[in-house]
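Take a look at this single chain in structure tokens; it is the form predicted on its own.
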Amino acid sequence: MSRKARLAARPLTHGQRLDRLAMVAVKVGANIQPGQQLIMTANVESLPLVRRITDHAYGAGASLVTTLFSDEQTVLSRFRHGQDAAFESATGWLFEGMANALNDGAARLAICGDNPKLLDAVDPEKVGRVNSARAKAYKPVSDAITQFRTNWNIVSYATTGWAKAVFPDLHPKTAQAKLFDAIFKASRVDGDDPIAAWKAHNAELAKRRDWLNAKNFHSLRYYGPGTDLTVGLADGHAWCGGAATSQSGITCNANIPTEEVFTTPHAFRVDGYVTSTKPLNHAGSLLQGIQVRFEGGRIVSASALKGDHVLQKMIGTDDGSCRLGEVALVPHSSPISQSGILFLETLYDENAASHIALGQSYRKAFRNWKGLVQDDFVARGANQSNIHVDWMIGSGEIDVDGIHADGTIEPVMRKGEWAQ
């Protein structure tokens, strides 16, 4: 065997795989363009990935990379020592500046990986107040994202706290290594050519997206244990999945990884009941056993076996936080589901199961969305809110039917798998 062949046969080192993830985040995820600025947010522990992303971003021609860091201990310090009135405060000035940059064409990249159990011992009433204040202050940024004004991306880093939460019985170093392995595999960076792997995956998602758009269902019905939910679809809705092109004309993959196809439900045409099939990590609080009933699109009753106070505060954020803004289909056989890992992180768990999202609708999930004004979206059924929170309702026991405008029914999923 030649030296070149021997080198090619060697397994990739951790640093090489991390560098590949950074490359995918820049070239496939955000797709940074020459002369474009990048605004990145990250946990301080993810600095090794931040540095590699920064290198690749400048290599792609970025004019400036600005990173804003968070730290778990300082987050806890606020709850331990902050005055009561402090829990109504949020950095609106910072979010206004971020929104201005995004609206001027900067790209956005977020590295997730916070400890999902960080706030378990914190007063949930305080957590709810902080989340509500932040959601309202963050609205200018979330508007830029949900209206797809610029290219953006989310990737992840296996922080120590996250790894310990996912694999509590393992030594912390072993847990972190195992979580990194899962991240690299789900993000398609372990193969010979990650860029080509993402091109092929995007093509497969596009086929599923195009099939659903051709069907143009009026509504979807989910049914199975604890669930019988009919979700009306917005007038002129469009299914999306994989790569998409922003209003700025830049094509990006917003989520690394992604296994979903999604569209816009009608905010006033959702009826029935639904039970979550996986826990939800929401802003450092873990919610389990969510059960919700909808009437006329609005939640009329909701409970959670764990994190109920946070759930109630979340759905009471504003008039639209108790209505749906997204519905997504994911096969139970997706690679992330088949890993058998409960990631306790929405970026991954939402790609292991079909899901719905409370709150703001995405502008791109409509036909001819670039030519529509805001009033048109609302008239077609799009929801408006300060939040957008995904939670999982799919499993190997859930069936999904597509219902046409004339009432005819067509199977979409059976036992969590595509029926077609």
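Keep in mind that this is a model prediction, so the values were computed, not measured. The first residue of the sequence shown is number 1, and the count goes up from there.
Another form, the form predicted in complex with a further copy of the same chain, is not on view; read the next lines as being about it.
Enquirer: Answer with one of 28, 392, 387, 39: the residue that has a non-hydrogen atom within 4.5 Å of a further copy of the same chain in the model of the complex.
Expert: Residue within 4.5 Å of the partner: 39.
Enquirer: Have a look at 312, 89, 213, 147 for me and say which one sits with a heavy atom within 4.5 Å of a further copy of the same chain in the model of the complex.
Expert: The option sitting close enough to the partner is 89.
Enquirer: With a 4.5 Å heavy atom cut-off, would you call residue 357 a contact of a further copy of the same chain in the model of the complex?
Expert: Output for residue 357 is no: heavy atoms all beyond 4.5 Å of a further copy of the same chain.
Enquirer: Contact between residue 55 and a further copy of the same chain in the model of the complex at 4.5 Å, heavy atoms?
Expert: Flag for residue 55 set to yes.
Enquirer: Quick check on residue 173: any heavy atom within 4.5 Å of a further copy of the same chain in the model of the complex?
Expert: Looking in the model of the complex, residue contacts with a further copy of the same chain do not include residue 173, since no heavy atom lies within 4.5 Å.
Enquirer: Can you tell me whether residue 82 touches a further copy of the same chain? I mean in the model of the complex, with a 4.5 angstroms heavy atom cut-off.
Expert: Yes, contact at 4.5 Å.
Enquirer: Whether 47, 68 and 93 jointly form a contact site for a further copy of the same chain in the model of the complex is the question; each needs a heavy atom within 4.5 Å.
Expert: Yes: each residue has a heavy atom within 4.5 Å of the partner.
Enquirer: Thinking of a further copy of the same chain in the model of the complex, which stretch from 162-170, 94-102, 188-196, 323-331 has heavy atoms inside 4.5 Å of it?
Expert: Selected range: 94-102.
Enquirer: Give, in sequence order, every residue of 58-79 that has a heavy atom within 4.5 Å of a further copy of the same chain in the model of the complex, or say none if there are no such residues.
Expert: Those in contact are 58, 59, 60, 61, 62, 63, 64, 66, 67, 68, 69, 71, 73, 74, 77, 78.
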